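Read the single chain below, which is given as structure tokens and is the form predicted on its own.
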């Protein structure tokens, strides 16, 4: 009975940490800390849920650290310093900024805490492993899909993420590489909307005033693609749009015929893998130095596996995610 009460208390504390984005007490046994960028992007919620699922499967304690101000470098740095005092057994890290967080990573290294880097590859520091996807390739194959649907001709706009973000920069490079392959496609504008739906709506409204003909939208994430589509709907204009991340809201839009496709960045699986690698490292089990997820475009023909809400998913088996 006491064990049941203790477990219930741990679950309650974890739920409170997720809601408030404030650090909670670590659970019993092996203790992990997971750092993500913000509470505003559905992608990072998927990462956290993946980490939670893996922690539950592997029976470890896990605490989420999320800046209360989105993408705050000082706040994540402060959280890193705080976690050194708490001394978890291992850390899974999505750096708010891949360059600016290096001093924090080095402090964690000096504290002797094993680190697993996921999503955005850190520019420095020592890590057990890196888990992510090739954003350049993902951007390129997703853009090729749009261009093929446009029959290789027309005007396109790019919705960038946060300028200076490695994720956004690489995806936009991939978009531009695909555009260069198609002489009939013209890039008429490329502007940041900071991975936010509302900002993308506003950017698209402004772009439509300057460009009477827009046939395609290349968005660096699903939220921006959906924001651009809302703006187009409001102006009673049509264009094909693709995003990246294959979020549930993006998949719903694909099912409804509103959005053409989305490149799968699979934050849930990255959260699963990062957590599993951290635990396997602590248990002296072999782990890969790097895992790059394959570039997959999700459309109306293959969205089935992505249609389940993220909070209802379970991590795949280790052998399914890490082949060979």
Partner chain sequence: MRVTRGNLLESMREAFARLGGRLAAVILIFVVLGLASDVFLTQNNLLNVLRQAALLFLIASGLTLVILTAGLDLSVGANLGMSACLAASVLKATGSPFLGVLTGVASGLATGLANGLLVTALRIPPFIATYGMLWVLHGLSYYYMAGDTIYGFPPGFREIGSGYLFGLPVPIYLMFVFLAIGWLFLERTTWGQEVYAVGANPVAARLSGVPVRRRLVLVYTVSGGMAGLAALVYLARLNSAEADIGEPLLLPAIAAVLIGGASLFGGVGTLGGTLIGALILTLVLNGMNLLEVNANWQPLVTGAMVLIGVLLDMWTRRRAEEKS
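All values reported here derive from a predicted model rather than from experimental measurement. Numbering follows the first chain given and starts at 1.
There is another form of this protein, the form predicted in complex with the partner chain, and it is not shown here; the text below is about that form.
Using a 4.5 Å cutoff between non-hydrogen atoms, residue 211 counts as a contact of the partner chain in the predicted bound form. The partner chain is not shown here, and in the predicted bound form it never comes within 4.5 Å of any heavy atom of residue 281. The partner chain in the predicted bound form comes within 4.5 Å of no heavy atom belonging to residue 168. Taking non-hydrogen atoms only, residue 144 never approaches the partner chain to within 4.5 angstroms in the predicted bound form. Only one listed stretch (151-159, 178-186, 244-252, 132-140) carries heavy atoms within 4.5 Å of the partner chain in the predicted bound form, and that stretch is 244-252.
Contact check at 4.5 Å (heavy atoms) against the partner chain in the predicted bound form: all three of 69, 196 and 206 pass. This chain is drawn without the partner chain; in the predicted bound form, the residue among 172, 108, 201, 90 with a heavy atom within 4.5 Å of it is 201.
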